[in-house]
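What follows is a single chain, given as structure tokens, in the form predicted alone.
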């Protein structure tokens, strides 16, 4: 079968290759599920892996099949699989267990291992292929009514986990009812964070660089949130006007925004950091004031990465609610389809050059 792969450690080696189709048979097939891939989303992670910034091949191979945002249809199941059947639409989780105690209890997204296993990212092949095989434990059913937007489930789980963790942390307060939220960044994750927070009834202000109107600001306003360009009103000034914010979800990839967000946070507020920043940028911040406000205001800042099955299932529920409350909204995020695995160059090019792209994805096969 065909697959899109890279040679880890060597920049710009993305290519199409033939690999063996996985087969569902043998003594270990009891809980296995064979899935035909229909769509796979791509994001900055795939671009960075192709640039050889990180990522390793699975043991025994010198290549890594990329793609971690999967959506497919079950082709066959092992004899011990009762929760799935051929024809079901599914999404696979990304992280696979290591050896820590957290991995053993199903929270492998919280692993303390130095080595981690992620499909399409590190030491496990991904989903930009015609088929994949996996254990039913890591495969989540998607209702047929969501098949047209199912490829958005994996990025939605990043949001689900971060927001769920914020509420979990604030159980310490006995009562925590956040009213005002801010989302830093209006890209795919920022848009999905805005949606999930609106579904929970919060007043949301989403910050982005581009002055409105454009598609992203239109999408934000269509679900009753507020869009604010930081070119027109900086974060700290906007916080005085619309905040302070009880919950801030940061998804810009700019570390300077983190420190502005810390100052925009309300007492008892939670700042969720979801973006990964590299480099050695240095900025001057009012460190004493920030520290004082965090201590006296019982504020929390927490990082979040990846997601386990719990958040995939949570994402399915929220996506279903979104389709009911805001019909067609999720579909508008799927801006740049690329048909066929053979067009892998176009797929990655659109990540950097496509104007107005929200979600770039490969149509591997017909829905």
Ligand code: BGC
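Numbering follows the first chain given and starts at 1. What you see is a predicted model, and the numbers here were worked out from it, not measured in a lab.
What follows is about the form predicted together with this ligand, which we do not show.
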### Message
Just to confirm the contact call: exactly one of 208 to 216, 99 to 107, 258 to 266, 151 to 159 touches this ligand in the predicted complex at a 4.5 Å heavy atom cutoff, so which is it?
### Response
151 to 159
### Task
Have a look at 246, 134, 203, 118 for me and say which one sits with a heavy atom within 4.5 Å of this ligand in the predicted complex.
118
### Query
Which listed residue (320, 305, 52, 301) meets the criterion of a heavy atom within 4.5 Å of this ligand in the predicted complex?
305
### Task
Please state whether every one of the three residues 180, 198 and 221 places a non-hydrogen atom within 4.5 angstroms of this ligand in the predicted complex.
no
### Query
Should residue 335 be classed as touching this ligand in the predicted complex when contacts are defined as heavy atoms within 4.5 Å?
no
#### Entry: residue 94 within 4.5 Å of this ligand in the predicted complex, heavy atoms
yes
### Query
Would residue 29 sit within 4.5 Å of this ligand in the predicted complex, counting heavy atoms only?
no
#### Entry: Contact test in the predicted complex: residue 39 vs this ligand, heavy atoms, 4.5 Å
no
### Task
Let me know which residues along 193 to 227 have a heavy atom within 4.5 Å of this ligand in the predicted complex, or say none if there are none.
none
